[in-house]
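One chain comes next, on its own, written as structure tokens: the form predicted alone.
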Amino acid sequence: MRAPATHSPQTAAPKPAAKSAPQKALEKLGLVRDVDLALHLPLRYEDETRILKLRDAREGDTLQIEARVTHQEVGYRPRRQLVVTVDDGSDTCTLRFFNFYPSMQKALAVGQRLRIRGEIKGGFSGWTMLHPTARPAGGELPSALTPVYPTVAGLPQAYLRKAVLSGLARAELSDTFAPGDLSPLNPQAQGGLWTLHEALAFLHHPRPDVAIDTLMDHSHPAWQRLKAEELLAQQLSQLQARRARAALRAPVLLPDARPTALRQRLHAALPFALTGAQARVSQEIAVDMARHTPMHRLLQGDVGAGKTVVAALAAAVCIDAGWQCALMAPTEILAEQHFRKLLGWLEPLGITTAWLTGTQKTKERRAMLEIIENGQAQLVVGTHAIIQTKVHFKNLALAVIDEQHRFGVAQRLALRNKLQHEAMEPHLLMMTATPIPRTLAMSYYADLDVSTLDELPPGRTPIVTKVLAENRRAEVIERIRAQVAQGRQVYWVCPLIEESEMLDLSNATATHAELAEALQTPDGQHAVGLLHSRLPPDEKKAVMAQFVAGQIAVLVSTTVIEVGVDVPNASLMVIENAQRFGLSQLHQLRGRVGRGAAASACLLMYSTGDAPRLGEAARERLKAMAETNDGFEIARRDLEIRGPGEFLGARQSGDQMLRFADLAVDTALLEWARQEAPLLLERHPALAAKHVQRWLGSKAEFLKA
């Protein structure tokens, strides 16, 4: 009989120690690696290197004094507070603390000699400091400025300073390029001879004699070194993404030159001639798709430049080669606009187009999914519903993404992954009506080939833009009445109020009622429509269809009509509370008019609310709109006002890829990084990889979409 097996008791693995609140806060800030801590730079600095006298103080100064406590009491006017009087031998000062504990009262007892730092204010009763820092006097003064770091709740400055200091000491910061490589940028002015370690050590603890302005505006040579490093990392990452894509395979879509080919038949059937820019860009795309490497092209063109027809010609090449094409747009209105145009052009040529959206009825959706999977649908148009897991393409070879900045990285990657065919990727054409300023094209979009439609179709009339105050509303309504009487149509756009969708709705509804009453006719001929985000999809479609058909004279809307609406008879755009809109958004809205032969205008109506006047940024936006119709100039000014993070939208999936460099002022550094990146990657690939990992870590993946 076999003896029962004996098991030695297993020792349980020790549980990992629980993280402290400051450790969790560090992770929340993304400070995980030593190099992350080393690159976490101060927001500002405090000068604790000097002791000053109260007699030398000036109103509003932040200063450090050493003084003896002469009086202490707890006062109750206007609220409970600890009031402490100190004397430094030259003058006295009152310290006030609204939040205090018994331990503070003990530390600030009469007779104690303290080192006190805070902002000083004058008044009838002499100098005052509110909630200054105070500790026992004496001890050595620091030899460098004290850094104040960006932080979050639960992470005190003292803990953060210690963590950064230890991270800086441990981080591997050997140079990946020689300091002298920056010498073409003028080392005297730009600081080309600083190493990375020297620059970081200095910026964390600068000498007190440094010009503080050069630290705050990032013009100091140490900052120049960091910005050069950061821009080089971005350029390397973009270059690596481009080269990695060059190793991938895509279907070869050769254009058929025969007159019977779909592209030629579509071209012949179009009711208009292509502009020179459209013909040029179509050829650039056709050349890309004929290669065995995936196209990764951005098509930029101002509002009304005719990007949809370029996409249609590209789709024709794809379909003619026996493959499927998909077009994804961010909103149902825009997707439907594309669908109607493409259907009108391609259906007479025998092309089957499928329509996919999240609001479809189950039966219709099931039918669409079936013809997409069996390949009967040669072109698929829709919203993000296209990238859902239940959507299976037979052979997707071309993916077109409109208004690409409104999609996140994951969404774009999901569409690219829809080609399940011999480890190939589809060609990718991204479109935007927000022109990309040159510095952005050189940096954030350096991994893309960029095509530009820089020519508007003939017959488009320039749009006159006027800025006027809310108190001229009655004049605006009279102007609308005149336009409607001439048989024209009008948009009236109300702003979205993010804090309250209900406020939004009531604003649009009140305006709709006001205009309906003002424009009322006995036969109801001049109907006023209302379109907002809370309408059911079917009602939205019905309202838009009536406006397109001319059955509605004035359309009151929130910004759901920002892109994709094409009504040539609309000649007047009124934007209410225009100061609330971004510059790019205003330009997009203005582009809804001027699409026909009639003279068109855009009225930007602003309200200052309770403020006496408009804010600086709002004034600059409205001024730019009044001064130019040029989308590229608008984009340049928009970048200046908003900065690249907001301008780019979801391209980087919410992560700001440039923390230190400023594209508005660091063009020379960007040019240097563009030239240096391919050399470093070619000659020292290991150093290039190390550089990207140090600066971007996993964020480099965001640039590959």
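Quick note: we count residues from 1 along the sequence shown, nothing fancier. None of the values given here were measured: they were computed from a predicted structure.
Beyond the structure shown, there is the form predicted in complex with a small molecule, which is absent from this document and is the topic of what follows.
Interface residue remark: Ala446 is not counted as part of the site for the small molecule in the model of the complex, having no heavy atom within 4.5 Å.
At the 4.5 Å threshold, heavy atoms of Arg263 stay clear of the small molecule in the model of the complex, well away from it. Contact annotation: His512 falls outside 4.5 Å of the small molecule in the model of the complex, judged by heavy atom distances.
Proximity of Tyr101 to the small molecule in the model of the complex: non-hydrogen atoms within 4.5 Å are absent; the residue sits far from the partner. Partner proximity in the model of the complex, defined as non-hydrogen atoms within 4.5 angstroms of the small molecule, places exactly one of 307-315, 351-359, 139-147, 252-260 at the interface: 307-315. Think of it this way: in the model of the complex, the small molecule has a heavy atom of just one of Asn577, Gln483, Gln278, Thr128 within 4.5 Å, and the residue is Gln278. Shown without its partner, this chain lists Ala273, Met216, Ala545, Ala211 as candidates; in the model of the complex, only Ala273 has a non-hydrogen atom within 4.5 angstroms of the small molecule.
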